[in-house]
Structure formats: structure tokens, C-alpha cells
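There is one chain below, alone, in C-alpha cells, taken in the form predicted alone.
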Amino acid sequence: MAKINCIGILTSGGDSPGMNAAIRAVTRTALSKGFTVKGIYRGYEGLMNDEIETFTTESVSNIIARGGTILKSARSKAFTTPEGRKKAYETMKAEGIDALVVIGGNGSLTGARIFAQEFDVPCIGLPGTIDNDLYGTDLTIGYDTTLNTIVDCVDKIRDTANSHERIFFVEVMGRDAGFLAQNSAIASGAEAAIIPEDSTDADQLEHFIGRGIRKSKNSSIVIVSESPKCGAMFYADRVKKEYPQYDVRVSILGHLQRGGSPSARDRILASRLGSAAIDAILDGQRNVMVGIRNDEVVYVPFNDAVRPDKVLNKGLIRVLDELSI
């Protein structure tokens, strides 16, 4: 294997709180080990278009508390083509970058896996996604902050739900994973969570909502995991049709979930994983995602990390059901 002297860092896909802490950790750990570090702006687009800058320790000063990513982010259609990846590789060679650290989610790490296979480039991935849907790691960078943001919002919505005796359907992010919806429902005292991992038919919906409204509660909060077909509006419309006596509202939290200063837990996680990414390069690891499992750093092959079947603990569904009576 060729000697690695220069490491490139990029962030890709949706931003998540803690990405800057990870950039800081990768940069400073790499510099302390004698590597040159180059920041790549706008993800794979920037790698193709040579939007690259040499980083020093000052480049990452005072960013640990900032949300978003100082490297910016983008979703690149061009990089999904062989021509785009070839252009990225040529830029990488011209810049003298020997290895990449990619911070992102499923799509970003899938791109890194393909790129690594095609051009034999050492790539290390860091799980930067609010969805917590990457396999092989207990937590992803940004998940904890987003969970706390959702809970804070739902606490405020609860005030008006109680005041007006309303049912609120609150839609949260998560794509095909219900981690945010299920855990925010438990943490906020919601009456129900509608998630992809627990298919909900009309009878279950009546069980979730009707039980609380009719028996002991004058309002209900239902957390819904986003879905193109069955989001919060879908369920709200169904309740309006089937239970017209109830006052129903919808709140779609949207992109405010991505923003904000990262929590202490996300800053620590990002710092540990960023440092471990450089350790992985020094150990000759390649084409793996750095994760955390049982509070220990683990290295997960890309093929395993991007599997679509990360399991949600079904016991959480029972807990919410029991606590929402």
C-alpha cells in the first residue's frame, strides 16, 4: 500500500449537528500525527470541481459548538456516474490527497464505497446523519441533538394541544427509519408514534388516539415518521373523516430539526469517531465506517454499514403503549 501523507475531509448529503466537531477532530488528530489535511468543500461536487483548501489547526478553531458544516454539503448527481467519479479521482491525485474521510449518511457512504472499489482509494466513513439509520453503530452524529430539538418542539405543541383540546399529528424526519419518532414520542410523553417498523392500520389508529381522547385525556400528541404516502397529513385527514368530533391539527417540523448547536453527547461522539478515523488510517484500515457500539469504537465495512435493515428495538413500542394510557 502506498504511503499516506495527505488526508482529505468532506461532508456530504444532509447536514447534521456535530459534523463540525467531527471535522475538527479529524483535522487536529491528523495534524498531530504528521499528516497534511485538506478540506473539500461541497462534498463530492467540490471534489470533482477542485474546491479544496489546505487546513491548519486554526481552520477548525471555535467550530465545535456550531451546527451545520463549515465544509458545506451537497448531493451530487454527477458523482453517481463513472465519469463524475473519474473526475473526482483526477482532482484528488492532482491535489496530492492519498485518503478520504467522508462524513455523511447512507448515500454518502455508498458513494465512498463505490469510489474506493473503482480507484483503490482508502476511504474512512463517519456516520453523520440525524436519522440514526446506519447499521453497525448504536448512534450517528447529529441524532441526539435532533432528538432533543424534537422533544423541545413537542413540549411547546403540548401546551396548545391541552389549551384547545386538540389532537396534534407532529411529523418528524427519519426517512425509512423510526428512531427519531419512536424515541421522541417516549421522551415527550406522546400518546402514539407511527413509524415504518410498526405498520399501522385503521384499528390501531383508533386504539392509539381514541383510547386517550375518550377515556382520560382531552388532547393527544401523535408523532409520525415522514413518508411520501403516509405522513402526518394522511393520518390527520383520516381522523377528520372517521372522527369528525375531534379538533385535529398538523405540525411538520421540517428542517429546523437539522439545525442548532450540537449537544454534548454529539460533540463527544463526533470527537471520538473523528479521532478514531485517523487511527484507522494509521492501522491500514480502509473502506470502513467508524461507529460506536456498547460505548466502544468499532470499524464496520461499508457493505454492512449501508444495509437498509437497522433494527429498532420493538420493546420501545411496548413501553410507549404502556405509558400512554
Ligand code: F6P
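Owing to the predicted nature of the structure, the values given are computational and were not obtained by experimental measurement. Start at 1 with the first residue shown and count on from there.
Just so it is clear, the following notes concern the form predicted together with the ligand, a form of the same protein that is not shown.
*Asks:* Does the ligand come within 4.5 Å of any heavy atom of Lys240 in the predicted complex?
*Replies:* Outside the cut-off, so no.
*Asks:* Does any heavy atom of Arg286 come within 4.5 Å of a heavy atom of the ligand in the predicted complex?
*Replies:* Arg286 lies outside the contact set for the ligand.
*Asks:* If we define contact as a non-hydrogen atom of the residue within 4.5 angstroms of the partner, is Glu226 a contact of the ligand in the predicted complex?
*Replies:* Yes, Glu226 is a contact residue.
*Asks:* Would Thr129 sit within 4.5 Å of the ligand in the predicted complex, counting heavy atoms only?
*Replies:* Output for Thr129 is yes: heavy atoms within 4.5 Å of the ligand.
*Asks:* Please identify the residue among Lys72, Arg175, Lys87, Arg249 with any heavy atom within 4.5 Å of the ligand in the predicted complex.
*Replies:* Looking at the other structure, the residue within range turns out to be Arg175.
*Asks:* Considering the ligand in the predicted complex, which of Arg272, Arg258, Arg66, Arg42 comes within 4.5 Å of it through any heavy atom?
*Replies:* Exactly one listed residue reaches within 4.5 Å, namely Arg258.
*Asks:* If contact means a heavy atom within 4.5 Å, which one of 114-122, 190-198, 232-240, 166-174 is the stretch that engages the ligand in the predicted complex?
*Replies:* Flagged stretch: 166-174.
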